[in-house]
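Only one chain is included here, represented as structure tokens and corresponding to the form predicted on its own.
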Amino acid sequence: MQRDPAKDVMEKAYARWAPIYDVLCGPVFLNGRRAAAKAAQNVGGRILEIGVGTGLSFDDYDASTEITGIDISEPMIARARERLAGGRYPYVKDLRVMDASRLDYSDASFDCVVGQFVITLVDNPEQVLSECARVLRPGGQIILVNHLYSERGIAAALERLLAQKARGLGLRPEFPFHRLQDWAQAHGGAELIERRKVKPFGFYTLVRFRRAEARSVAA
């Protein structure tokens, strides 16, 4: 497997994507977004969405939740703030430019953390997941949706072939599920509770972890 994407490469890629992201990526990610948002609403309460982008997911939530969104890309957050300007999303309480590997929130601040199409693109996924677990209340959930590496067959060979060029576009097709699973086992304070393909095509995978109820867990 290749190295994790460099943060500056991702920032530049998504600065380029920001003006056209909604048109090009909105329909492509629709089913995955809705699956993640539905799972998050089942948890309810205060939800942190990392990699919130232009705020495409705002329509997938409602007033039963309180949404905070962060993204490392200033142009993406600027677009998300424009989306809020019309007053359609009163349940979106805060948007910030922030690095998900160094969350500026206290321990146990949220009931749920959602990462839609982002965990494969950060330069240290394990650190990001640990930060997500830290800001979760005991019993809270981390919900991820992403394309994950096929690992075998023709699809896996194609993903490896495209991997290097995909980085410059802000994509990473060769990220394996086992890194998420290995993180949970090493962390000790997060339990894998679901892994399923998102219908109808199964191209994306939804993964859920539950924060341990114990008061003291590994950082």
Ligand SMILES: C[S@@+](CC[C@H](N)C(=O)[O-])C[C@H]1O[C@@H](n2cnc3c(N)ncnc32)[C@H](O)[C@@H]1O
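Quantities reported herein were computed from a predicted structural model and do not represent experimental measurements. Numbers follow the displayed sequence, beginning with 1.
This next part talks about the form predicted in complex with the named molecule, which is not shown.
- Contact annotation for F29: at least one heavy atom lies within 4.5 Å of the named molecule in the predicted complex.
- The named molecule in the predicted complex comes within 4.5 Å of no heavy atom belonging to L148.
- The closest heavy atom approach of V52 to the named molecule in the predicted complex falls within 4.5 Å.
- For the chain shown alone, A190 is not a contact residue for the named molecule in the predicted complex, no non-hydrogen atom being within 4.5 angstroms.
- Residues I70, S73 and Q116 are all found to lie within 4.5 Å of the named molecule in the predicted complex, as judged by heavy atom distances.
- Checking 84 to 92, 121 to 129, 105 to 113, 135 to 143 against the named molecule in the predicted complex, the stretch whose residues place heavy atoms within 4.5 Å of it is 121 to 129.
- Contacts to the named molecule in the predicted complex (heavy atom within 4.5 Å) from stretch 85 to 100: M98, D99, A100.
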